[in-house]
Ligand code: F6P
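Below, in structure tokens: the form predicted on its own, a single chain.
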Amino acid sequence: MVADIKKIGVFTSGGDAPGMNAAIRAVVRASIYYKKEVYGIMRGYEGMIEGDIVKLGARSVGNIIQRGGTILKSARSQHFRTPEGRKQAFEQLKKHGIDALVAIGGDGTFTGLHLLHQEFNLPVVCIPGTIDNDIAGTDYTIGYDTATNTAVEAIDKIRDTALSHNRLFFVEVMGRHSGYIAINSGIAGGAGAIIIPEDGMSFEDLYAILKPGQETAKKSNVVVVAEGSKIGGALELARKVAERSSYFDIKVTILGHLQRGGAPTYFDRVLASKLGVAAVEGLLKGQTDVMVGIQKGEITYTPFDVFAKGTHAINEDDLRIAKILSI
């Protein structure tokens, strides 16, 4: 270990994701293991500006690994977007003697950390925590596995009622810019069609998929729609299909924030634990302005400049497989 760091601050920012508490726990205990003090910053950048900061110990994070949400809370901060807000945040960090930061969040969180590093030369590492799994530099983000499992469970239950009637269900899942939850929950749930922001499917393409079901007397179907679909959300698509055909009894289910909650899966708990320890070890080895991730089973550190220029693209083979299985 080379960096002269004595006090590490940890916080969560942006949308919550299952597994964030496991990451907090790992950061706290790894810091203490390496004989560093660790402080929890409440409510993200907003709490940083206001000085809502508490010292944490190993027992402070006991019995949280299985809990969803974040014990440090999360909030968005407009004030932090200004130079004055960031200066106020840094002054609060100095007041508490915090000389390095670990943040758990998405691209907006990482952008804020990058600015703190640039403006005040503060060592910073970001842990990717977002259910969308859309961040470049890591194969998986914390919360994605749990959210996808939640969506699959919901689709399974919806399929049960669809089979009991002559029903076509449109199920909308989260994913404003990314179709990861939709494509994988759709494949796992046996969806008849999957609509994601990255794909060029038109409404006519969708209807062409559904129409043969009428001709072969298919009794039920499920269409999974990512909320960022470029051809409309579940409600709009359901309306358009109903205008075109009366064959199916059409229903819509929007899963919404249900996907953010619940106990994290084993995968998210282990991933968060590994990334939390790696974030602290990275800081102590001199890593800064980086995101810690996992690629092909190995811990990686991706610089902000690389992260900011890319996205975690959908696997084209997944799209191909989904289309084959939808017949």
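This is a predicted model, so every value here is computed, not measured. One rule holds for the numbers: they count along the sequence shown, beginning at 1.
The next section is about a form of this same protein that is not shown, the form predicted together with the ligand.
Mapping the unseen interface onto this chain, Ile194 falls outside it, with no heavy atom inside 4.5 Å of the ligand in the predicted bound form. Though the partner is left out of this view, Asp145 does not reach within 4.5 Å of the ligand in the predicted bound form, counting heavy atoms only. With a 4.5 Å cutoff on heavy atoms, Lys87 does not count as touching the ligand in the predicted bound form; it lies far away. Within this chain, Ser229 is remote from the site of the ligand in the predicted bound form, having no heavy atom within 4.5 Å. The single contact residue among His165, Lys157, His96, Arg76, judged by any heavy atom lying within 4.5 Å of the ligand in the predicted bound form, is Arg76. Between the ligand and the residues Leu72, Val223, Val125, Met174, the one pair within 4.5 Å by heavy atoms in the predicted bound form involves Met174.
Stretch-level contact analysis of 185-193, 149-157, 229-237, 128-136 against the ligand in the predicted bound form, using heavy atoms and a 4.5 Å limit, identifies 128-136. Contacts with the ligand in the predicted bound form, taken as any heavy atom within 4.5 Å, map to no residue of 77-103.
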